[in-house]
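Same chain, two versions here, written out as structure tokens and called structure 1 and structure 2.
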Structure 1
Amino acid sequence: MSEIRLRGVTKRFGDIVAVDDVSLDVKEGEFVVLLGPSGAGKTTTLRLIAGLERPDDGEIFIDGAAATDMHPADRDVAFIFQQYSLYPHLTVFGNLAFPLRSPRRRVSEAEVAARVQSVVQMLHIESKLGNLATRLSGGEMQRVAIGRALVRQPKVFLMDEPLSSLDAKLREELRIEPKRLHRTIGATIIYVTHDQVEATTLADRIGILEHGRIVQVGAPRDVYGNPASLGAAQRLGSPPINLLPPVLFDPATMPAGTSTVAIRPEDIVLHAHDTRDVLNLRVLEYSPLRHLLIMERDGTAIVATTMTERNFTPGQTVGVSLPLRSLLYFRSDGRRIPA
């Protein structure tokens, strides 16, 4: 397996800057997830690494070698697309064997059979070897798509939202599959998603993309607890982080230039009774099954998570504290302000 390095990589499509001065180091054997909304530049970044797009500026290194001008076939990376792109006229065996039968590889049929058998055992699809691709379920097609990359034994796996076309139940069941494979074979994986649950479940590190730029890279817990920007703060967390106007707070407690104050729902402290010493909010909705309390103050909704056995009714007043140590401050441009 290999490391990947991007240095100042930029890609434009006409007037649109899809990837903007991106630098990223992915260590050998690391599982890195690129997380961001549609149009953030995630897929384009993968395509640049794979050689399917050429950067307008910057350099790409694979396993220490300059790869910016290298032909895609010479980069030894496997790209698993959002759509599985299996050959419908081939069986599962034929689809898995196809990349090994390329004239560039010159793999013997005995080696082809051995590699395919090893992969289907790893993916638990031995019984499907003779099935045509058109007779597979969505989950089976996803496993075959991953298997087709595995048989090549590439340096790097690039995965572009491989679970997004599955229904919610199946996506949840198969979410752990890429991580299990990572632990089994120690692969270097760069995985693209807009799903924060996938990102936090799978990643050793998460790279947050906004408008073609990587705004933060770190372990999921670090990005969640110490976001570098308002966008990064909003990208992780369910329910989402609360974004509050500065007027709710004592100006003496806030850094200069604060435009938005944020706090995680689990950091809000509920009091047994409303009191003058805390922030008093009106209850909008309470969901005891989800442990969610939705309140408001002057038109601003505030969500808290709570495990209390108390019952709350709409219109009721509840006293809450917003601990200073849990507050995050952001400028109008979304940049984090140190407390």
Structure 2
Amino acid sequence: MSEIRLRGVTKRFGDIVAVDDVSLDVKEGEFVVLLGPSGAGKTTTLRLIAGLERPDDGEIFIDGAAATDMHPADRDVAFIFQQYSLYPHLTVFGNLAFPLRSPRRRVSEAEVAARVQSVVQMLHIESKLGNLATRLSGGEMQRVAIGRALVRQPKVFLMDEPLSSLDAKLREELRIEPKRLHRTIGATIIYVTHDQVEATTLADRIGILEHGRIVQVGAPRDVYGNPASLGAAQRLGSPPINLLPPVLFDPATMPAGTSTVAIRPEDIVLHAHDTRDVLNLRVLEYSPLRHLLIMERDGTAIVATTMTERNFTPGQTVGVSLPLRSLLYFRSDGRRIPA
């Protein structure tokens, strides 16, 4: 297992800058999740690390050694694709043994059998060894794809949305698999997803990508609680963070240059409407299911969540306070203003 370093890596496709001056250090044994919308450059970053693409600028180091010009096969990284890409004509055993039978590796058949066996045990697919890869459920295919990376005992695992083509319930069940893998073998993992739940539950650190640039890297709590930009603030959080115009606030309490004030829905304090320091809002809708209260003031919607079920009727007025310590201030260009 080992570390990865990107230094000012840039990749262009024609006029499009897919990855723009990205620098990132992934420590040995670390689980880093790259999070961003479609087209943010997540997959291209993984492909650059794997050597499937060559950077136009910048350098890549694996284990301290310059890897920018290294052949993909010499980098000793395993890539797990979104679509599994199993060999349909082979059995589960054949798929798992395939990387070990490469002439580059010269692993004995006894060793192949032993390694495959230990991998299927770890992934709980012992009973499926004889099945053709096409005769598996989605979850089993996903496990075989992980297993095929595991048998090689690579330095680094690169996972490209490995759960996104599974159905919702199965995705939730299998979310523990990469984490378990990480704990059991202490693997270095770079994991790409657009799913914020996967990001916050799996990652040691999250890297938020936007338009090919890394806008923030940090522990999940850090990125959620202390976002560097408006984009990063909106990337995490469900329901999303509230973005409010400065007119709702006392100018004396706001830093100069504030164009947006943001607050997380769970940080809004609801109470009776006669206390001081209160903003009176009109209720638009209350969803008891998600403990979600949608309110409005002068056309600005404000969403609050409560830990327990409450009772609200559309049209009623609710007094809320927006605690100063929970407010985040942003400039018009999206940069955070330290309070």
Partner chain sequence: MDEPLGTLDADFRELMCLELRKLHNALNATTVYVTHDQREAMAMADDIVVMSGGEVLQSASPHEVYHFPATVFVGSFIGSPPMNFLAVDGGVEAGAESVSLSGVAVSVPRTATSAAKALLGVRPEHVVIDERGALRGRVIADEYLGSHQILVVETALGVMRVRVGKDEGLVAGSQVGMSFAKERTLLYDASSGKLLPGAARQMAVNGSGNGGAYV
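No experiment lies behind these values; they were computed from the predicted model shown. Please note that residue numbering is based on structure 1, beginning with 1 at the start of its sequence. Just so we're on the same page, rigid core means the largest C-alpha set that superposes within 1.5 Å between forms.
Both panels show the same chain in isolation, but it is structure 2 that comes from the form predicted in complex with its partner chain. The Cα shift for T300 between structures 1 and 2, taken after rigid core superposition, is smaller than 2 angstroms. With the core held fixed, R54 shows a CA shift below 2 Å between structures 1 and 2. Relative displacement of the R310 Cα between structures 1 and 2 on rigid core alignment is 3.9 Å.
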